[in-house]
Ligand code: SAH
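Listed next as structure tokens is one chain, alone, in the form predicted alone.
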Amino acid sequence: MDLKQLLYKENYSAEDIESLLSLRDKESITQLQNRANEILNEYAGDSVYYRGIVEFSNLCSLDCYYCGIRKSNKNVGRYTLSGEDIISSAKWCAEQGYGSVVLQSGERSDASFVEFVEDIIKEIKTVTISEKLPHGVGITLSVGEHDKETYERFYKAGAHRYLLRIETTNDTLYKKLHPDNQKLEERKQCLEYLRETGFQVGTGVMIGIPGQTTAMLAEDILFFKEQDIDMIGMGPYLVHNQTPMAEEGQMDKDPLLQLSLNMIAVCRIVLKDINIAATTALQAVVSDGRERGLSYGANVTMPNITPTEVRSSYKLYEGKPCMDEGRQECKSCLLGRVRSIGRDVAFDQWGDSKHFAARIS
């Protein structure tokens, strides 16, 4: 089967996906990119949606071996923003026309944390109501694993999207990334709870993990399809020097970037109408990484609206960009980046996943 036939298939096997992920010559990559954008325009439209991200706490109860804010890293200055700071950030986000906010933190499940998040969601939904956003800003949560009852509390409070990255669906590789008390099956169960609760369900993987193969990434994509995932947030694996995995290093920049872009394109081709984020980690690999992600079929990007005084303490990997930029600087910069590739931002919209709308109809 030639490449054109492969790009226009209806159903993809693991072998088909692996072949597409492995493309490296310029002509083939251009065909892959073009097909991804055809699918994007047909199924999701070419608008880019903003999610203003507030990294509101770096306290974490988990000890993932790759993560800079893991519980055992004693060199991190720990913080939790006040409710006032989080709500102020969300209000600013709404006033700028971003339409949606992401509340992200380290993973905790204690009662005080759950109540804090629940109260913040309720307040944000109230204070961001306007003529342009009659139901307030859209809220995506990314606060880790919880029981179903907790997810129901968050949903009833007003959050309607949830991102729980699985990082890899390969059990052997998952065990390499996590202590024994962190189970892949438990992560998968949480994704099921989220779906049952009514959330738009998001997940994602790291790309280029030491020991990872393209066959594993192909299986990840099939997992997204089998689980009917609504949105994907994924990016290149980047080392944090104060973690157990630091000694294993990371892929060279150019192949890591291309593999990450291929993952975006292939996810778009196979999954069609989902939301896919062009993540900040792409910009850590190369300065125009987020633009490149958008040019390979992504349709979401997340300007950082975390107060600058704490941003450097939420560093999951080395070289995280935009540590010192103010919110207004970030807004202007990112808009210019989006428009530089011929796309535009859909302001004052939640930008919900079209896949989710089709799934529940």
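A residue's number is simply how far along the shown sequence it sits, counting from 1. Please read these numbers as outputs of a predicted model, since none were measured by experiment.
FYI, the form predicted together with the ligand isn't displayed, but the following is about it.
If you check 160, 165, 195, 153 against the ligand in the model of the complex, which one has a heavy atom within 4.5 Å?
Exactly one listed residue reaches within 4.5 Å, namely 165.
Contacting member of 176, 187, 125, 272, with respect to the ligand in the model of the complex [4.5 Å, heavy atom]:
Of the listed residues, the single hit is 187.
At 4.5 Å between heavy atoms, only one of the stretches 87-95, 233-241, 220-228, 114-122 reaches the ligand in the model of the complex; which one is it?
Stretch with heavy atoms near the partner: 233-241.
So in the model of the complex, are 144, 206 and 316 all sitting within 4.5 Å of the ligand, heavy atoms only?
Yes, all three are in contact.
Hey, in the model of the complex, does residue 258 get a heavy atom within 4.5 angstroms of the ligand?
Although the ligand is absent here, residue 258 would stay clear of it in the model of the complex, with no heavy atoms inside 4.5 Å.
Any chance residue 49 has a heavy atom within 4.5 Å of the ligand in the model of the complex?
Contact check for residue 49: no, nothing within 4.5 Å of the ligand in the model of the complex.
Does the ligand get within 4.5 angstroms of any non-hydrogen atom of residue 296 in the model of the complex?
Because no heavy atom of residue 296 falls inside 4.5 Å of the ligand in the model of the complex, the answer is no.
Heavy atom to heavy atom, is residue 66 within 4.5 Å of the ligand in the model of the complex?
Yes - in the model of the complex, heavy atoms of residue 66 and the ligand come within 4.5 Å of each other.
Need the contact residues for 90-123: heavy atom within 4.5 Å of the ligand in the model of the complex, sequence order, or none if there are none.
The stretch 90-123, when checked against the ligand in the model of the complex, contributes 104, 105, 106, 107 at the 4.5 Å heavy-atom cut-off.
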